[in-house]
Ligand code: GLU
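Presented as structure tokens, the chain that follows is alone, the form predicted alone.
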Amino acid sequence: MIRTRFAPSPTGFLHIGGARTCVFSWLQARRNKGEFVLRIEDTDRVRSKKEYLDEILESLSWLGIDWEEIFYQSKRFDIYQDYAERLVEEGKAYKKEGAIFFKYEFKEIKINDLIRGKIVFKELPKEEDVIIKSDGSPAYNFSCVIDDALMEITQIIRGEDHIPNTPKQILMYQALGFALPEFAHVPLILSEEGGRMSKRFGATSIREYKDEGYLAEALVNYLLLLGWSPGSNREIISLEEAKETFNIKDVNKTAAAFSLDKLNWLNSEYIKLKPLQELVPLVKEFLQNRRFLPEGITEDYLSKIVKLFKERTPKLADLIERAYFCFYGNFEYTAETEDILKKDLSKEAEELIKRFESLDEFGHDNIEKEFRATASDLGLKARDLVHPVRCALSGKKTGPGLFETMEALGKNTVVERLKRLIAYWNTNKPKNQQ
């Protein structure tokens, strides 16, 4: 049975690279009806923090990752000490200055990496390594080998930055008499410019992506595309679907480039595809967490607003700016709307108010019919009214469909904002119209 693991260190938050490695490892186990283990590498007593651990576990659960078992290295120090002492007794390690060092008996090492194929190690970077530090804590390579062996990990999937550790660990496996697992070293994720990931180029924590309003399904889908493809030119694939086709051997050997534009596109597609009854609660929770949602907003009204922006929202955080006018009326007319509002159409707007107030059913079709009839009766083209009315409703030059927007806002709000625009024109009447 295939058994894989993910081994994060709670000395920082979970980032894109670690999350992708975890998803690949999880899928490899699930695809083969195996087991997935989570191991918390918290041997650094100073830098390991509960807040980091909590974030890691929450982020993995949010992404849809589950596990059969979870282990904490901080609770296994006695195990590491026992194996180190055994190596000392067998002459394979020695004590010096309160620490225990491993004796490397190096010879050429070859492995068949599941992603990269044959890798040959001809030398080690140094002749000795601490395996138990003077404070009693284990060194990374030693605790990693002990745990992977005792936890019966059959395939170790990790970042390519661990390749230099591999020959050292193999020698420890052999010295301890453990069976060797298979290794798969996943290429790094680079910025779009080809450099290292940074805050500017996507190296933020998974929690930050969640806080920006990315959907879990979209983010995990994007992680999959960073080095793997479902084939047939598909780009949208769920974890459940990937479980049927993923194979670690199909992961690319070359580094993947992170593209925020691609992630935003993918997220927008998931927002479009998500049923309204599922999306509205997510939006409500998101806006409440941002302390943006005013009290008294009904589920029905929020549903109308979500529907209004569903087709044009890359991420939920964009609603804060784009849909501001739907929740608050204290927006201002800006410099970008000056050209639109320089012509006083207050009389035309008053006529539009009368027509709208007479409507018993303030739905899209009736709104559009009355709007176009008003423009025609006043000797105007519909577009002559469209732009100033949009400015009245939102303070913006562009936005969702005008008639859909009016229906969502409701008659009272539309009338109120048209009156506000009339008052603006009366106060700021162009000199040639005074």
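All of these numbers come straight from a predicted model, not from anything done at the bench. Numbers for residues come from their place in the sequence shown, where the first is 1.
Omitted from view is the form predicted in complex with the named molecule, to which the following refers.
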Determine which one of 341-349, 287-295, 139-147, 328-336 lies within 4.5 Å of the named molecule in the predicted complex, judging by heavy atom distances; exactly one does. 139-147
Taking the named molecule as it sits in the predicted complex, is E41 near enough to touch it, meaning that at least one heavy atom pair lies within 4.5 angstroms? yes
Please check if R158 has a heavy atom lying within 4.5 Å of any heavy atom of the named molecule in the predicted complex. yes
Touches the named molecule in the predicted complex: H162 (any heavy atom, 4.5 Å): yes
4.5 angstroms heavy atom contact with the named molecule in the predicted complex for T413: no
Stretch 1-15 - residues with a heavy atom within 4.5 Å of the named molecule in the predicted complex: R5, A7, P8, S9
